[in-house]
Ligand SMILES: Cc1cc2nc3c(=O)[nH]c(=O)nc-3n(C[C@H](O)[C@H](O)[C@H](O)COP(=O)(O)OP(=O)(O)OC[C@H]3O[C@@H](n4cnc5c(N)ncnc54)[C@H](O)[C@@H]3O)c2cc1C
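Single chain ahead, by itself, as structure tokens, in the form predicted on its own.
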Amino acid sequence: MHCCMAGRRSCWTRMCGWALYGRCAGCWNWVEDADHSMTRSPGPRECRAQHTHMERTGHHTEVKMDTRLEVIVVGGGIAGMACAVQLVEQAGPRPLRIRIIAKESVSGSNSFAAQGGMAAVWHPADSTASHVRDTLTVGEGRNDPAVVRRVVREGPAVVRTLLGMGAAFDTNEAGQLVLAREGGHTMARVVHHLDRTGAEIVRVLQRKVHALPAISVLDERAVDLIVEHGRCVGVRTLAPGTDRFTDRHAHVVVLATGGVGQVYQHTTNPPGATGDGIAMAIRANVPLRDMAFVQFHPTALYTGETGTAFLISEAVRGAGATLLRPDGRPLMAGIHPQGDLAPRNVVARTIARVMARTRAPHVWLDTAPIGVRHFAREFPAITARCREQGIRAGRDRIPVMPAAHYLCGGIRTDGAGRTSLKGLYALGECAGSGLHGADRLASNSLLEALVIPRHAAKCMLRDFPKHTPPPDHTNTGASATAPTSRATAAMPNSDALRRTMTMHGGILRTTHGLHLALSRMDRANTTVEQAWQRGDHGEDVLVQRNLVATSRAILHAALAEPLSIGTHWINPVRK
């Protein structure tokens, strides 16, 4: 058997689910030069000898084989599952237990809802340099260039891996991958599965997770990190329907909790995107980065309701749909050279200004250039949702509005997901790896969620402490539910807090508005924390505790950015 070694070279090894990722689980013989090119490939004889040695000794890294690595992953989306699978594949025969803590089904995650696709250099006319340049341009130079190069460079290998795992990405009649172009990209490089790419990647990863005995999934809510002597040693959790906390211990904790969209009135994020991981990190004094940069997707379906809004993928504009003002005139004409496919912050801000100026609740997305048949074939999920609203996609105009979509920053990490707190990693949207900078290039997030977990797994296996974590402990103290009526009655209104964030901490900001919003959030934080300290640990308090902490972090970061950049636009003059 062979595994793909970043190109046509190969080494002898067992085939694993991630072997197509450039290296097999045990063959770390590739060396990255200063320019990040790959050099030196072991020949079959050398690699076969190394595997024989590993089979005899069990030494994949410098860890005793009798020490079982205990890992807790908070979040069961793509980043969390990818990390768990990578740990198992790289660990080989080493004892390992991975517990994924998920407060809801993966079908309720941002990962599952992702429509457009995953960006990767695939077309012969495309290049790594071009993808890197597009990422840095959209991020307006606030990215970490080394992380950008790492993630982009490994994109093609990720695609090959997923194909090898059975992912059914769209192909043409010749069997070649169909590539879409989305906002900010100068090339068509987005691989996709209809308009349900996230669900397809979840499907292949979930099948892998279920096949690995070392991985289990716990239906619990993570509440706080457990920190002892400057190291994260576990997570405090709450199981549904119970009134007791459980302290679960591990060598390593991974936060992969997704986004923060529910701090706003309109969001493409599911109801569970309440900033849990970021709030937990804040309470453990773990540094954040780039929290001012919240990306609003320009085209969410307008229905007149607040809360989670259905996303109309950017790929629809890539297929020919055009944005129109409320009076039917072209929206983006003369605004940006890339027109309807300009970076998302440019399009969303233009729509927000037009809506504010005209007092219209939405603008229009004209889908007639695509045609009914082609639209239904390429975007079946969007077609079905539009049909529910009485809209015939591919013929009619769709009412759209901006909605909170993606947090470009998060818990500060390096390119391997490591935070400043020993024993704690962060992956996916809750992590601020530096990939996105001041704005995210479309469809880079799924790529990040698959690349960085591989490097994180390698570091975990190499660096984890040799002691055995203490057993889990169920707290027999204060009730985790059964709130007192006095505490509940004093709770701030969630809708009012979301309106505050939308009005003052959303697409268009002013220094006065940010200070006003922060003052309100500070008062809400005091009320929520007082309720928590009194023993009110009900669902409403749990959610608001995280939403308020995350909102305050966004507002503080926005006030620390005096100049407009990327998704952060601020008018310092009071209006």
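Note that the structure is a prediction, hence the values are computed from the model and not measured. Residue indices: 1-based, along the sequence shown.
Heads up, the form predicted in complex with the named molecule isn't pictured, but that's what we're talking about next.
Though the named molecule is absent from this view, in the predicted bound form it lies within 4.5 Å of a heavy atom of just one residue from 299, 345, 269, 367, which is 269.
Contact with the named molecule in the predicted bound form, defined as a heavy atom within 4.5 Å, holds for exactly one of 134, 340, 290, 276, namely 276.
Within 4.5 Å of the named molecule in the predicted bound form, a heavy atom is found for every one of 109, 222 and 443. Considering the named molecule in the predicted bound form, the lone stretch of 151 to 159, 368 to 376, 320 to 328, 403 to 411 in range is 403 to 411 [heavy atom distance within 4.5 Å]. The closest heavy atom approach of residue 74 to the named molecule in the predicted bound form falls within 4.5 Å. Not displayed here, the named molecule is kept clear of residue 460 by more than 4.5 Å at the level of heavy atoms in the predicted bound form.
The closest non-hydrogen atom of residue 180 lies beyond 4.5 Å of the named molecule in the predicted bound form. For the chain shown alone, residue 423 is not a contact residue for the named molecule in the predicted bound form, no non-hydrogen atom being within 4.5 angstroms. Interface residues of 375 to 397, taken as those with a heavy atom within 4.5 Å of the named molecule in the predicted bound form (partner not displayed), are absent.
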